[in-house]
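The chain below stands alone, shown as structure tokens; this is the form predicted on its own.
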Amino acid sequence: MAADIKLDKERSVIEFAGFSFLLIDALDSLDVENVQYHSAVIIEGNDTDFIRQIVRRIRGHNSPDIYLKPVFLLKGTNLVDPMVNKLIDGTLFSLDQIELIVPEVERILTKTQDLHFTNSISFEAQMIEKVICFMYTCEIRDLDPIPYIYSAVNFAYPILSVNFRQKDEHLTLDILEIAEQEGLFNSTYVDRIYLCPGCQSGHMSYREVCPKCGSSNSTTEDIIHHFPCAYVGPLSDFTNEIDDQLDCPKCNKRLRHIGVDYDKPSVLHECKACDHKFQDFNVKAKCLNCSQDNLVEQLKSREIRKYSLTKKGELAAINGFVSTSKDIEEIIGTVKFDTFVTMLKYEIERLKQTDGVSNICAIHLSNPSQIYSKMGSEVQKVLLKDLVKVIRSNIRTSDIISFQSSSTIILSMNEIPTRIAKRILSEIIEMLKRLIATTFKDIEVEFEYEVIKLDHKLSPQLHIQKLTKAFS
């Protein structure tokens, strides 16, 4: 070992070039919380199961101080687990090579410093934040599904799948769909899988079964069509006990040449459980996880897609991802953002026929990351509900409230002069400030707001862009 590499065997820590590397060589001795106090982790071992468990413990942890730490393998001989290979940052063949991984460690730690972490409102948002943060620090643009024998859905998205028990792994597909809907990913089609409708597992035993009793125990023989006399029957009708030749039981002629004397148009199956004879099997898929026996048409079809991080996704990693649209759409007193846009379209059309004045308004939290990072997810939901209650109590029941994001609230103020709408919104902002100051004494919130008069010459989308432009 090089002289400038210091190994503390008692603590299993290596010091080099101002970095500390936690050396892990035994599963029982691993205290995952200890990972956060070191620059990187080096796993020593040749057993795939041991390495897999160590990597899962680190990457599956909830703290970014742990799951984002650089991880390397020492003496990684022929490691063939594709999921582990996607979750490590490199391999060493001796500790003398530590100098070679220092630039990678420094790069990852520097990228991690760019990130601002929040307490996301929902579990789905937490998982999405974890994925995009890992991709950002590791400079990964694409989240590729890998065929994986240990996955309940037969494919794994390593940094996401590592957070789930096998029986819950189908949730990774739901989370990635949500992330794409939020604009954090683009995706392309890769494959299609079929899951058990009962437990969502993709581990199936496919069997051809009797349509009468469902048994897979059957025999099969060809059906013979004799051209000269048009007799059709199973192969056993044409066999005799004297030789292996075929004789027609109807006309007693010998069948010599297939395609000339006869053909085999189909097959006949006989169930050995109930003696039922049939030509077409039913195909069933028995789930190896929950034992539910399903007709193949009952299986749940899901797409496996490759996901690419968008610029919005990269910014969400840096600024902190708080919530999905699903989280904020569930708040009582609001409508879905898509619904708001549709209603705005109708209001614009109405204004073309009248001389009235209508407005749309926006209230924007300028420092959402600082606010949400100090709250738990339940407190965040309470805060958003309280904000809506204050706004709702100060506008008319006919006015509409929606969340464009967890930091921007959009509302309508129809049939009211724009100057009055601005005054009302200003008063609402002061009420919101007092609410937060009273409820959360250690949190300083910054609000921005905007009001614009509806113009029947502009589309709903252009109105929204104009309204929120100052907040971008």
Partner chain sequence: MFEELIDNYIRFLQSLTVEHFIRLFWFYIFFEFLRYFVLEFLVLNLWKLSKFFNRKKYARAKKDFMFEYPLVSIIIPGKNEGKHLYKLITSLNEQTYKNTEVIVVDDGSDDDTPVIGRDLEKAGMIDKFIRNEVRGGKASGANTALRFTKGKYIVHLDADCSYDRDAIEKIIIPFYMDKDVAGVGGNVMVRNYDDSLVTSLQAIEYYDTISIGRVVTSHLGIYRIISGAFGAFRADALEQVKGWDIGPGLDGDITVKLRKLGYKIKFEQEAVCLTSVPNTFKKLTHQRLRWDKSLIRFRVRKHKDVLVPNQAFNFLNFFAFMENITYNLVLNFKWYIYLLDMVANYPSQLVNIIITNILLYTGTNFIKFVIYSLYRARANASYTYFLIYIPCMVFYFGYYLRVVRTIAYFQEFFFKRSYKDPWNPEKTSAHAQRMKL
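On a predicted model such as this, the values are computed, not experimentally measured, just so you know. Residue numbers count along the first chain shown, from 1.
The form predicted together with the partner chain is left out here; the points below concern that form.
- Contact check for Q181: no non-hydrogen atom falls within 4.5 Å of the partner chain in the model of the complex.
- Although the partner is absent here, N186 sits far enough away that none of its heavy atoms falls within 4.5 Å of the partner chain in the model of the complex.
- Shown alone here, S266 lies within 4.5 Å of the partner chain in the model of the complex, counting heavy atoms only.
- For the chain shown alone, D237 is a contact residue for the partner chain in the model of the complex, at least one non-hydrogen atom being within 4.5 angstroms.
- For the partner chain in the model of the complex, the listed stretch (134-142, 268-276, 328-336, 387-395) containing residues with heavy atoms inside 4.5 Å is 268-276.
- A heavy atom within 4.5 Å of the partner chain in the model of the complex is found for exactly one of D280, E208, D222, E349: D280.
- With the partner removed from view, the residue among G233, G320, P82, G90 that has a non-hydrogen atom within 4.5 Å of the partner chain in the model of the complex turns out to be G233.
- Residues are counted as partner-facing when one of their heavy atoms sits within 4.5 Å of the partner chain in the model of the complex; in 333-355 not one qualifies.
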